[in-house]
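A single chain comes next, written as structure tokens; it is the form predicted on its own.
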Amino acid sequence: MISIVIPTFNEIRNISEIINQLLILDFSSDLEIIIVDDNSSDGTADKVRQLVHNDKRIRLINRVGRSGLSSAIKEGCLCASGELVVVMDADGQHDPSYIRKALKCIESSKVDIVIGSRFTIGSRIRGLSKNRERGSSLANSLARLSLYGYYNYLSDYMSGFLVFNRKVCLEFIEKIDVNGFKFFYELLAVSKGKLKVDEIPILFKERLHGFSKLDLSVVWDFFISLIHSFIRRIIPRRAVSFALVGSIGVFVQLFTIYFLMGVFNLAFEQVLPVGVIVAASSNFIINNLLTFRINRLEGKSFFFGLFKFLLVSSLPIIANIGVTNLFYSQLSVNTFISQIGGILVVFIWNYAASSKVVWNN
């Protein structure tokens, strides 16, 4: 059996055409098409249900309370019944006819994964602007570096079109961080060179209908994924994001303090509490938008969450002083090491307590 996994979010104008193109392909094996919908607001799931009534080869996974591209793909792949699994987009930029070519390649080359590359010899791109094309090329270069030489012969680590042997890849798919940037990139990162991968050139077409889902959160996810891979995934991915937001908060605090001192001629002691509160509030807002966006707080919950975040963040101020003194008196007379020890303990507290108390994650 061949399983085709298609993640969707507000693709009602595209999904019928894509499914119909897949159903008319002549496969020698049994076929199932798994649509994983992130609770679309445009009726995508209802449209798929109508199609399911006409053809039982179509399956729908309607996700409520769960979201994210990598998460949707992972769930679809784990639910797939086929020995070979195809992953492709729902926007029409991946031509279904390339599936047969990829299947022939995976059989003839005896590899575990075949991807459709936009950047290898013979590929053509119609569906990206010049800026997006340059951005994708840069992203691929950075991805190649972050993988430490694993799979450095590939040309498109950001590919959303792939065919793989489910049995071989399953153990690595189960380890994929669902908050990751790209499913294929995350699969390569966790497999550490243990998979045999080949690529075929494809025509990357223009989107049929609708708009790209690329936004600030996607760009943020990419940089977090890179950092996570560069540090060999020794700390949780969300902790990386939380730390990066915290570093932004440092600059917010410094800017706020020096701005108030310079413009209003106030003393440092007067503006310090304001700078700390502004920085902590900015950290909460950014974390709510990016780090914990799946658990994003809105409405009254947003303001209650902000209060809890400020409360959680205020406790480590005392702890920082106590831990630093403890390091200095008991473990090291080096003031720098003592301060780093205090900062590390405070960071762990802030991340763990905020995750549980504020975002319930």
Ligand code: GDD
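Only a predicted model underlies this, so the values are computations on that prediction, with no experimental measurement involved. Numbering starts at 1 and follows the sequence shown.
This protein has a second form, the form predicted together with this ligand, left out of what is shown; the following refers to that one.
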property	result
Partner-contacting position among 196, 166, 175, 213 - heavy atom within 4.5 Å of this ligand in the predicted complex	213
In the predicted complex, the residue from 179, 256, 159, 146 that sits within 4.5 Å of this ligand by heavy atoms	159
Partner proximity in the predicted complex: residue 9 to this ligand, non-hydrogen atom cutoff 4.5 Å	yes
This ligand contact at residue 188 in the predicted complex, heavy atom, 4.5 Å	no
Non-hydrogen atom contact residue 36 with this ligand in the predicted complex at 4.5 angstroms	yes
Partner proximity in the predicted complex: residue 279 to this ligand, non-hydrogen atom cutoff 4.5 Å	no
Answer range among 267-275, 93-101, 74-82, 237-245 for contact with this ligand, defined in the predicted complex as heavy atoms within 4.5 Å	93-101
Contacts with this ligand in the predicted complex, stretch 112-139 (heavy atom within 4.5 Å)	118, 132, 136
